[in-house]
Structure formats: C-alpha cells, structure tokens
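Given next, in structure tokens, is a single chain: the form predicted on its own.
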Amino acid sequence: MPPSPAPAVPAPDPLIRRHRTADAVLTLTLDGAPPAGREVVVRQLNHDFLFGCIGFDLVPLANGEPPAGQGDGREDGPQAQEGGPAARAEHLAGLWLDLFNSATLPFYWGDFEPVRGRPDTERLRRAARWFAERGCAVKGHPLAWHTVTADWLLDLPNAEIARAQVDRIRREMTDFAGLIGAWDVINEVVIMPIFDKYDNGITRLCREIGRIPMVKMVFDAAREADPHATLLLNDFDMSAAYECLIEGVLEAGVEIDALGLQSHMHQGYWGEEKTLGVIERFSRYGLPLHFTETTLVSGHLMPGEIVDLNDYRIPRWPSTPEGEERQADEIVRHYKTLLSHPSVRAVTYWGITDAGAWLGAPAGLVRADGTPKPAYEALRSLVKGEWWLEPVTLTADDGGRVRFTGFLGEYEVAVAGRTAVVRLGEPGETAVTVAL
C-alpha cells in the first residue's frame, strides 16, 4: 500500500519554510505492530517559536481580583456595551490565549517590592501558574534595571545596593523556579551608568563599578540561582555601543543564553532592510536572538526628533482606520522578516490592548473597547493559519508510516483511540518513531 500524500502547511516564504518547517516521516506501531491501512490524525498543539506578549493585563484575572474598568471612558465599540469589567477581562484573555504561547510578567523592583522585605511574590506566582497551566512559556522582566527600581535603595551605600540586588535575583529566581523559565536579567545597561532623568540606586552602583562588572555580578547570581533558566541581556540601544557591551561581557566569561533586542517602532516601521541588518549584526555572536519588546502604532507616528520615547506625552493618541491598516501590513512584514532568519527564536509584542498601553500609544492589537484591530487578525492568520497545520487525517502505509510537513513544534498523533505527542524540533527531513 503506498503512503498517503504528504499534506503541508500553506506554502510559506522560502526562507521561513527552510528554517521553520520539518518534512516528517512518522513510523507508528500499535501494540508493537504497524497500523497498516489505519487512519492517523495529526494535530498541531504548539509552536516551538515563541510568539509572545506581555501578560501584565491578565495578572488581576489570574488572581481572581475584581478587574478595573478598561479604557478611558470614550469607548463606543461592541465590547463597551456587553458585560462589565470581568467579562471584558475574560474576553481579552481569550484573544490573548488564541494567539500567543509565551507571556512576559512584570518584575519591576519598585512595583514588586516598594517596601523592603515585602515582595509581591504570591500574586506574580499565581499569574505565572495561570499562564503555565494554559501551555505558555513564561518570562520575568526585569531582574535589574535603573528605571522603576526600588526607591529604598537610595538609602543604602553602593556595597549594600549590590548585595540587595544579588539577593533579589536569588530570591525571585528561586521562588519562581519551575514556573518561569526565562529572565531578562538586566535591562538597558548601555545607558545605565549615564542615566540622568532622576537619581536611583542602580545607576549609582553601575556608575561606580562599570557596565561589565555589573552584568557579570547579576548574571553570576542568576546562573547560580537557577542553572536551567534562559538568561537574557536586553537593550533598546541597537548601536555599536550594545555590540561593544556584548563583546566585553562575553570576553569577561559571562554566560549569556540569548540576546534581547527591543523594537519599539512608535516613530515608524523599521522596514525589512534595517530589521535584517540588525539581525545580522547581532547574530554574529552565535547566540539566539529574542525580539523582546515590539510595538507598531495604529495612529499617527511619534515625531522623529524625539530622542527618548518617554518624553512624548500627549493627552490623547487615538487609533485611526488608516493607521490600523498600516499597522496590519507592517506587523505581517515584520514577523515574516523575523521568521526568515534562523537566529531569531522569539518575539514579544509589547501589549495586546490599547487600554493602559505604554506611553498611551495605540500600539495594541486590540482596541480599548475590546475589539480586535486588523493587525490582530493579520497576525493570527499567520500564527494559526499560514504557519499552522490544521488537523489532518492520513493513512498509514504497510510499514506504519505517514508523512506530513509542519512548522516546528508539538503535534498530537492519534490512532485507534490512542494518542501520543511528538515534537518536530529541527528543520528539514525528520524521522520519528511513535509507539502507541
């Protein structure tokens, strides 16, 4: 009996197919014998690639807290007319979980431990567990940063600030071991010692000991606390200064698992050429690249002369129909560009909703009233459409073999009421043996 034809996901871009899909041959046995002629159902469960988003908005829901009303009182869409805050939170969670498989949770020290010795551990642990139980990888952001850091550090001498920072890393990574598998260990080190917006303990410490010793200190503490975690160095500065920092810390023997690259595009889409140029420059270190903070706005663009995005504060920044169409086009182009390069392993979108968005920008994929923008639908059509294998029924040949092409990830295989989960972990031709 010849094998059934190999079904495939819709033809993706050639580079995406090369780097992100496998041509799988499954050799099945049922009670030790090939299930020749039997129907085999293959169903994709997840992507290996991390399609992430911040999970900040869903922390109250995960904790069973009464959610605050969303938006600014100007919503007039369907969701504004249906249900209260709890219903809107559940609706937003459904949209989130239908698209993303990786959540970033907030560990900003100033918010997490505003009073020394009273961290918000249990609340964040419940949130991490909520996402993990729904099949999501979870990352903590950040363990060390000069912004939104604890004010009480200013009362300490630098040596004690260093001890407190190390102790903080050990505590969080120990408390969340097994729930949070990745951490932005330190954030925006390039600017850290010269940051002058306001005084803070972390800048004081970094100014005294230097960037490389600072990175080494926090990474050593993180590695010791959870040797199995994925540890990231994260920055918004895509200039040669970040490359110099990376080279310095690697030469100092710091073990980095992945490089975090921020891509907040409030001033306009980078474009394919710039994006690929950034990827090429940072992929030369041989480390996985995570696009940790990605945004594209669906309203007017921030003026180009703004140097620090945080300086642009306006009363209202609305989403517009033309902006939403532009955002949808750009998000497809951006994600396709990222997946076309094998060094990129993850991308985290910085906020699913416009409600409470960073800088008040219309950068969410969902409007403040809870209705999805075209960008949400466009991204979902990639992640769960063009880059997804719908359940398919195959017929095993005489040797118990079936063939299919799918994106790297986990798949459920079902024969005669029995199931097994297999993972396609490497691109190209893959042979997998499955005993049921």
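In case it trips you up, residue 1 is the first one in the sequence shown, and so on. Since the structure is predicted, the reported quantities are computational estimates derived from the model, not experimental observations.
The form predicted in complex with a further copy of the same chain exists for this protein as well; it is not shown, and the discussion that follows is about that form.
Q: Since exactly one of Arg134, Lys274, Arg284, Arg313 fits, which has a heavy atom within 4.5 Å of a further copy of the same chain in the predicted complex?
A: Flagged contact: Arg284.
Q: To verify the annotation, which of these, His334, Arg211, Arg88, Arg168, has a non-hydrogen atom within 4.5 Å of a further copy of the same chain in the predicted complex?
A: Filtering the options by heavy-atom distance leaves Arg211.
Q: Can you confirm whether Val115, Asp120 and Glu122, the three residues that make up this candidate site, all sit within 4.5 Å of a further copy of the same chain in the predicted complex, judged by heavy atoms?
A: Spot residues vs a further copy of the same chain: no contact at all.
Q: 172 to 180, 124 to 132, 284 to 292, 348 to 356: which one contacts a further copy of the same chain in the predicted complex at 4.5 Å, heavy atom to heavy atom?
A: Of the options, only 284 to 292 has residues within 4.5 Å of the partner.
Q: Could you confirm whether Glu243 comes within 4.5 Å of a further copy of the same chain in the predicted complex, counting heavy atoms only?
A: Contact with a further copy of the same chain, yes.
Q: Even though a further copy of the same chain is not shown here, does Glu247 get within 4.5 Å of it in the predicted complex, heavy atoms only?
A: It does: once a further copy of the same chain is placed as it appears in the predicted complex, Glu247 has a heavy atom within 4.5 Å of it.
Q: With heavy atoms only and a cut-off of 4.5 Å, decide whether Gly360 touches a further copy of the same chain in the predicted complex.
A: Gly360: no contact with a further copy of the same chain in the predicted complex.
Q: Wondering, does Arg207 line up within 4.5 Å of a further copy of the same chain in the predicted complex on heavy atoms?
A: Yes.
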